[in-house]
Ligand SMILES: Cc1cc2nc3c(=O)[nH]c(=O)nc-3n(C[C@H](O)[C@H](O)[C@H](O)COP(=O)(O)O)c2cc1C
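In the form predicted on its own, a lone chain appears below as structure tokens.
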């Protein structure tokens, strides 16, 4: 029931933040405790030149007032679509918490310095894999890829410095909308939408399920 302190009947799980980032960070932290695997996993949707959407799972590597960061091979399908249409949507779903977050906005490349710093933090095998994979390209057989991995393992043996490939970097999604969703009985779900305003503030609206 609504009261004078909460006239819209806002669910306590939503809090009362004027911007979406603090709420997202709380939910992500709670997902880290509740989810068995990859609480940072999200679905990324992009659109090609013909208007055909595609979606795949990625891992979030940063969230700040600037936006949400993920990394990829720049020759991949997703990177090509983002260059052609620099808009995308993310969807986080935390099943154990019965929560979902959808984020939509425009993307830009991260700086070389940011990409270098994150690449340096990866384990050696992942660095080698970034060099060996011709992501999204067709291959004759799995053996072809395994041969490339062996070649780059020889070039960059364990313990050696592995530089960031020129075809590997990250994207920053700057949100225009962030929607928080809570499961409820009888499919009477609860939804809170934040929308970015021209002055840098955020409006809020409760949505029907």
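Positions refer to the first chain, counted from 1. Since this is a predicted model, take the numbers as computed values, not measurements.
We do not show the form predicted in complex with this ligand, though everything after this point is about it.
Of the heavy atoms in residue 78, some are within 4.5 Å of this ligand in the predicted bound form. Residue contact with this ligand in the predicted bound form: residue 26 places no heavy atom within 4.5 Å of it. When this ligand is considered in the predicted bound form, residue 155 lies well away from it, no heavy atom lying within 4.5 Å. Though the partner is left out of this view, residue 72 does reach within 4.5 Å of this ligand in the predicted bound form, counting heavy atoms only. Residues within 4.5 angstroms of this ligand in the predicted bound form, judged by any non-hydrogen atom, belong to 54 to 62 and to none of the other stretches in 138 to 146, 178 to 186, 158 to 166, 54 to 62. This chain is drawn without this ligand; in the predicted bound form, the residue among 150, 41, 66, 34 with a heavy atom within 4.5 Å of it is 41.
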